[in-house]
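First, one chain by itself in structure tokens, the form predicted alone.
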Amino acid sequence: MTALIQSPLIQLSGITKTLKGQDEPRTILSGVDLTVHSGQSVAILGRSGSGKSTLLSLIGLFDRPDGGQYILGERDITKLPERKAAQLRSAEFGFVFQRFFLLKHLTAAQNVAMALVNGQGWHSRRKRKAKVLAALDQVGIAHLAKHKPPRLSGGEQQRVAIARALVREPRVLLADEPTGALDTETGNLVVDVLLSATHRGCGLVLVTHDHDHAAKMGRVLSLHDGKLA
């Protein structure tokens, strides 16, 4: 199935970011331009320390650029106040990381349901349960809904984390090295699950070191010397 590429979803223009610490300031991003359309998948490659995760943090509104413009849909969110940025993160974005960040005392279903607490309004218990089971089914582990993380393999835990990101039906899915702790076969399954989200119009940005996983995306970009190529 081919993803339907629609209108521009993310538009970054001239994005810059400098890290200021105890040492000399270090420019991480220098004039980054990036456009991601609805239904499009983009892989970002680059060596460690090249700024891939920093760029993902800027896209996900966890951090702000020092310069440039960020348009989401048709809205300029470059200087969005933090309170509104947090609301937008909850409503529009899904996040998947190398670490699973699951609560060990909760079942897989309860971990996924946690994502419906913020940014999604109020859901009845029946609707919330249906959305959670649909998300778990989408990643192929609905039969493990009542299992807690210690009973799940690494790949199964990552799929719970992906279901948690997908249950809110985000417009943007951001994945930062999601297969780094997984074996090759499981990593391939996880990437295929992430890619399937684009079939309903979600924009996917995948940060990875794995060239095989990157090759599955619609576009492959490399971050080098602060710029995307």
Ligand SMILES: Nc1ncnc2c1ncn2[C@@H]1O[C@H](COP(=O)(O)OP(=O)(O)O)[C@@H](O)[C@H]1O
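We number the residues from 1 along the sequence you see. Remember, it's a predicted structure, so these values are computed and weren't measured experimentally.
The form predicted together with this ligand is left out here; the points below concern that form.
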With the partner removed from view, which of 65-73, 162-170, 44-52, 180-188 is the stretch that lies within 4.5 Å of this ligand in the model of the complex, judged by heavy atom distances? 44-52
Flag K20 as yes or no: does it have a non-hydrogen atom within 4.5 angstroms of any non-hydrogen atom of this ligand in the model of the complex? yes
Examine I28 and determine whether its closest non-hydrogen atom to this ligand in the model of the complex is within 4.5 angstroms. yes
